[in-house]
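There is one chain below, alone, in structure tokens, taken in the form predicted alone.
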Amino acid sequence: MTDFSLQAHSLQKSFGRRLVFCGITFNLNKPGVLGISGPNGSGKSTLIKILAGINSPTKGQVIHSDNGKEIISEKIHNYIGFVSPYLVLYNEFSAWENLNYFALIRNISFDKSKVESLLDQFLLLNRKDDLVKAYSSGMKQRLKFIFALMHSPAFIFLDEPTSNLDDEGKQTVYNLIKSESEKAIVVVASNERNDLANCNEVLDLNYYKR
């Protein structure tokens, strides 16, 4: 069985003179769910992008490991799944074309049966050939989950994962978090009580200010 870990060492982030957070340290060495909470502007999105290797901290270090060996930055995207409201889809492509293109540019295999299973799970299978510009905001949010999960990532980062979703869509996400957390490290940034209720522990950014 492959063992993955996510470590944060004394993370600090500043924008100019404005300190967003400092002193964040933790070690996740088994599957589960870490929540990140805090008021708007506290740095939840900033922190989750740093943990996913999208942005860099001002100080400190994030280490992703596979069986005790650090994953190099050039390879980390193959291990990461990321969902957020601000990710952009190609509106002039169909959902199926978007997913194919995503797999191509990230150099990951396109498993047709797995993608169709995910499309079915998120109630998009019968709309896979429709242009994304015809999708509602909730449908686009569900499609982003398929992008994040199609390559079975070891680390899943979810920023405001239930935004734009109705109750049925939210429940699908909660079921997904539960199932994925049995084999992957999941990080959820949210202020929604129900989102955070799915977490094993919650990191409150209010405690990392000076």
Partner chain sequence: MKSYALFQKDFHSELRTRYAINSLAMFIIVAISVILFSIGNENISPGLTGGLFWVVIFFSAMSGLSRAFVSEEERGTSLTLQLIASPATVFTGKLLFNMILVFLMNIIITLLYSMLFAEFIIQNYLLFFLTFIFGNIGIAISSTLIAAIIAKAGSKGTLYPVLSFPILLPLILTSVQLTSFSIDGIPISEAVFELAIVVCYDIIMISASYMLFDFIWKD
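The structure presented is a predicted model; accordingly, all values stated were derived computationally and were not measured. Numbering follows the first chain given and starts at 1.
Absent from the display: the form predicted together with the partner chain. The rest refers to it.
- Shown without its partner, this chain lists Pro31, Gly60, Gly53, Gly169 as candidates; in the model of the complex, only Gly53 has a non-hydrogen atom within 4.5 angstroms of the partner chain.
- By the criterion of a heavy atom within 4.5 Å, Ser113 is excluded from the residues contacting the partner chain in the model of the complex.
- Residue contact check for Glu92: one or more of its heavy atoms lie within 4.5 Å of the partner chain in the model of the complex.
- Shown alone here, Phe82 lies within 4.5 Å of the partner chain in the model of the complex, counting heavy atoms only.
- Interface residue remark: Tyr135 is not counted as part of the site for the partner chain in the model of the complex, having no heavy atom within 4.5 Å.
- In the model of the complex, just one residue of 147 to 186 lies within 4.5 Å of the partner chain by at least one heavy atom: Phe147.
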